[in-house]
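Here you get one chain, nothing else, as structure tokens; it is the form predicted on its own.
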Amino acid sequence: MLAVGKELLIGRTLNTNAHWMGKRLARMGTMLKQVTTVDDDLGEIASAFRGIARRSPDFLVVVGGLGPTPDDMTLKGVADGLGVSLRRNDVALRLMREHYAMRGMGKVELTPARLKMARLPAGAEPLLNETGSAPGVRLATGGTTVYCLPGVPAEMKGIFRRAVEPEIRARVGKLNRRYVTMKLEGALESDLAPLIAAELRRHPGAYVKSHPKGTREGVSRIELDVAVVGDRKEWADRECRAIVAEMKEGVVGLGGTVRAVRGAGG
């Protein structure tokens, strides 16, 4: 994910889009590998885009900077990163006109600022934005599929669900995810570290992560996340159960207790 916006860097806006996207991808059995945040600057956007594209990720989602104001320069930055020009896209214009008409705004004048939202990198296609006026954008470079989405969370989520998620699901196939959180007391995270390392060796590809939650009356509290993803539900269930059972045994051996185990499959 390439997040564009000064507001994200100066503390004006929290990047809830990255949080939402990472969680949604994890539920699908895949994951958000990296989040890069840059200023509203053509050079920064183009440079970051080129750097990410060189690593050939399956998907690159660029979020923010598609609007009509001068600081919205994401599509120009992406075009510069690709070495192509911006071109007026008639489908994007039609989508914008339909957006204004559906909201009872009549025939809105397509000012230079509005026309800017319909200028896409050469070879790109617009994506319907049911909430806002700026269309999303899809394009391909090498083996990477690139999506440019608005930064407004409702608009980003809508386009992601309709256009991005189906393509990702088709790429990764049907996956089964088993996810469990264990609530532990009385064991220090540093003592858990060897147990976690052993689980990761026994169960390659599993996710086991500790989250300290402080102490209460001198007793340490930790939440331990366990996640397993596989193409067979039975295997994922079996692996997850094995890790939980082994961690329970290890925690008790350290003098700790397991207060609760909460889980969900997907």
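In this text, all values refer to a predicted model and were calculated from it rather than measured experimentally. A residue's number is simply how far along the shown sequence it sits, counting from 1.
The same protein also has a form predicted in complex with another copy of the chain, omitted here; what follows describes it.
This chain is drawn without another copy of the chain; in the model of the complex, the residue among E125, E189, E165, E98 with a heavy atom within 4.5 Å of it is E189.
Only one of R50, R238, R202, K213 comes within 4.5 Å of another copy of the chain in the model of the complex through a heavy atom, and that residue is K213. The stretch that touches another copy of the chain in the model of the complex, counting heavy atoms within 4.5 Å, is 191 to 199, out of 82 to 90, 135 to 143, 166 to 174, 191 to 199. Although the partner is absent from the chain shown here, none of G29, S56 and K76 has a heavy atom within 4.5 Å of another copy of the chain in the model of the complex. Looking at L9, you'd find a heavy atom of it within 4.5 angstroms of another copy of the chain in the model of the complex. Taking the partner from elsewhere, V35 is found to have a heavy atom lying within 4.5 Å of another copy of the chain in the model of the complex. At the 4.5 Å threshold, heavy atoms of T13 reach another copy of the chain in the model of the complex. Taking the partner from elsewhere, D231 is found to have every heavy atom lying beyond 4.5 Å of another copy of the chain in the model of the complex.
Taking a 4.5 Å heavy atom cutoff to another copy of the chain in the model of the complex, the contacting residues in 206 to 244 are Y207, V208, K209, S210, H211, P212, K213, E223, D225.
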